[in-house]
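Taking the form predicted on its own, here's one chain by itself in structure tokens.
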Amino acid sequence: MITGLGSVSALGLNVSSFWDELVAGRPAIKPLVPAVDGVKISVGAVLPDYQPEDYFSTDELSLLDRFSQLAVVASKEAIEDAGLSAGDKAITDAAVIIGSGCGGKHTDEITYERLYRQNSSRVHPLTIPKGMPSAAASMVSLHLGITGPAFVLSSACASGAHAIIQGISMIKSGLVDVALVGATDAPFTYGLLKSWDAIRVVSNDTCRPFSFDRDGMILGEGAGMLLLETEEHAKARGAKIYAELSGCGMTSDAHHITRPNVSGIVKAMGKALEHAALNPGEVDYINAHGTATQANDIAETEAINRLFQGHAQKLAVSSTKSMHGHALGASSALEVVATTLAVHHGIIPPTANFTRADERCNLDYVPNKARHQTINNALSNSFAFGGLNAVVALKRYST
């Protein structure tokens, strides 16, 4: 059961702002200010008005890379949203599982700038513990007083979904009753922007998933976190329940390092349906991976048509990346937060910036305007570089 939600993204620094902007269909994609010299990427989905000093002391910040900061902020919100607080007995033995596609790149950037641009012979003595990928889980555990199993996993854009699935598995196996899961990424560094420049899949305009004139993804940053509990544990403490995580599916394409594979996507969605004991016709909504790259949108559409057959035309499909950008590993976590709220409120967030469908993209993409609709079952799709696919199934909760 999902009992708590936290998010930090370009749409806002809390879940309330995130959801309000999604429902309004307002993209948070803006020009990068200041522009980065020598980088072609000129727009992105960056956190609005985020001041680390509002959340952390100077001493704390000396150990917190930006990606860890965002994880801690979103985790605190998820815990508080679940009616708990740091050190609460209900979460003492919880698992903390966080995904990240990049890790502490801001720390790396500062280190390399000192070494290679400033010709310094020394770096900060805490560079390793601050920048290591596992720092996010360590810092969340430290700040929230959680002493259960804690670790970070990385599977590019599917990192958040894989972290959530790992949480499901640990709860179902009986290892823990509660898991704090999600993902965080902060990719706006010179080195990463230059690297994304080189791949040539980033738009310098905006993100238009499934539209005929789409020309690439838009980078974003942020963190999404969810508190998961067994139904028994949640009911025993009188927790509100947003939705049920009813199943999941994972596959590896074994095909190509960047090119999506339709068969792998079909298999991942099919496994999620099987695990959730769902027939294709019982799914109402899919939160799509929907990056607005040429290859991905066509492959995802084809996969949905192939798996769902005639029901595909009855499905609502939308991409929230059109608003919060592609926050890499954190995107899949933010999208599960969005899908949870969609199921809970009966509102499907739109695909923003939609113009006209690509001739090979023939589904109902909920263009530009949110739709009020009861959602009994939904999928959240995540398909990562390396052919790593993860799909999470969610079910409307009823007592």
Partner chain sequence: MLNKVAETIAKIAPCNVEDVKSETKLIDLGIDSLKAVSVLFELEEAFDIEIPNELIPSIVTVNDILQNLGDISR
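Positions refer to the first chain, counted from 1. As the structure is a prediction and not an experimental result, all values here were calculated from the model.
This next part talks about the form predicted in complex with its partner chain, which is not shown.
A.B. asks: Heavy atoms within 4.5 Å of its partner chain in the predicted complex: which stretch among 341-349, 59-67, 326-334, 38-46?
C.D. replies: Comparing against its partner chain in the predicted complex, the contact stretch is 59-67.
A.B. asks: Given that its partner chain is not shown alongside this chain, does R114 nevertheless sit within 4.5 Å of it in the predicted complex, heavy atom to heavy atom?
C.D. replies: It does: once its partner chain is placed as it appears in the predicted complex, R114 has a heavy atom within 4.5 Å of it.
A.B. asks: Give a yes or no for A277: in the predicted complex, does one of its heavy atoms lie within 4.5 Å of a heavy atom belonging to its partner chain?
C.D. replies: Judged by the heavy-atom cut-off of 4.5 Å, A277 is well away from its partner chain in the predicted complex.
A.B. asks: Indicate whether K89 is a 4.5 Å heavy atom neighbour of its partner chain in the predicted complex.
C.D. replies: Flag for K89 set to no.
A.B. asks: Would G238 show up as a contact with its partner chain in the predicted complex if we use heavy atoms at 4.5 Å?
C.D. replies: Although its partner chain is absent here, G238 would stay clear of it in the predicted complex, with no heavy atoms inside 4.5 Å.
A.B. asks: If you check H124, R259, H311, R306 against its partner chain in the predicted complex, which one has a heavy atom within 4.5 Å?
C.D. replies: That would be H124.
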